[in-house]
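Quick heads-up: it's one chain on its own, the form predicted on its own, in structure tokens.
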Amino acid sequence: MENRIAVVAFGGNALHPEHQVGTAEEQEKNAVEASAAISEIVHNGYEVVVVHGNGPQVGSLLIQMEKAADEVPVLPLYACVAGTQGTIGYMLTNALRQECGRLGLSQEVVTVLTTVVVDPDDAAFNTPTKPIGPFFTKEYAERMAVEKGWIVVEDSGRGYRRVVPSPEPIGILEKSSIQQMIEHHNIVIACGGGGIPVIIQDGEFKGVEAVIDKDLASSLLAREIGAHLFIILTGVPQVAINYGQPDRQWLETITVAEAKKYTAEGQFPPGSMGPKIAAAIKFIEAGGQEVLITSASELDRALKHQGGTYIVP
């Protein structure tokens, strides 16, 4: 019988929410809670691949490096992504191993340091839009723009931040290894933080100063390994139109055509639900069967089609 594969994506704020400091102890505790949700997918008969975000964690790492820049050389952004893949991967691997043991599941858990190829001619490199790292004063930001070539923008009245490109992912170098691990019934953690971004230059892979959207990387991974179900965990139990309005309407099942229509109407903002819907559409149009968008707390019910939002062809 063919393995049913599910790719599940969730944000880095699941392990480091805004109301917490972000200590290792806090994140390890949050990893235990996340692993309980992931185990529900295993219980439903799927081989599971987990993709996590890393926004808060990379932000913290950039602050640490900025504070110690006079003492220790600063790492490039792609190396920071790699570092957080390792740290978060360790926390999730440990938590999932414990959860599998508690439930009597035999799966091994493996974290794959994942490299994702982007196009050096992607238009995103000409128009960086993704804010990263700490807030700076105007004076410091302008100095960094001169000294390091940063692109800096004023962010919501809170200060100035560096922005970097967010190019489209076009290939996952470890795809075959991930597929082999799935075939041996491992729970695989991959494409952390959207993957380590690289370009192909003179026949070599070279890291670039960019951040890949985690949902788009998850969608690409799901397509490349032939996943049946693509799950996006977010902060709301269902997708809604007219969100935050008196006539808000929760959506149970929508087609790709309806998702495109709502997107064109501006129902899914670029900074929140927009990238998730775009990732879902890409997955379905490439032959995927269904996408589920829901919260971790509602996942068990949603897998039984008693909640969440399903996007179908």
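Quick caveat, the model's predicted, so the values are computed rather than measured. Residue indices: 1-based, along the sequence shown.
In what follows, reference is made to the form predicted in complex with adenosine-5'-diphosphate, a form of this protein that is not presented.
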item	value
Whether G11, L233 and K276 all lie within 4.5 angstroms of adenosine-5'-diphosphate in the predicted complex by heavy atom	yes
Region of this chain that lies against adenosine-5'-diphosphate in the predicted complex, out of 186-194, 119-127, 161-169, 233-241 [heavy atom, 4.5 Å]	233-241
The unique member of N30, Q267, S39, S60 whose heavy atoms fall within 4.5 Å of adenosine-5'-diphosphate in the predicted complex	Q267
Interface residue in the predicted complex among N44, Q64, T255, S272, criterion: non-hydrogen atom within 4.5 angstroms of adenosine-5'-diphosphate	S272
Those residues of 188-218 which, in the predicted complex, come within 4.5 Å of adenosine-5'-diphosphate by heavy atom	K214, D215
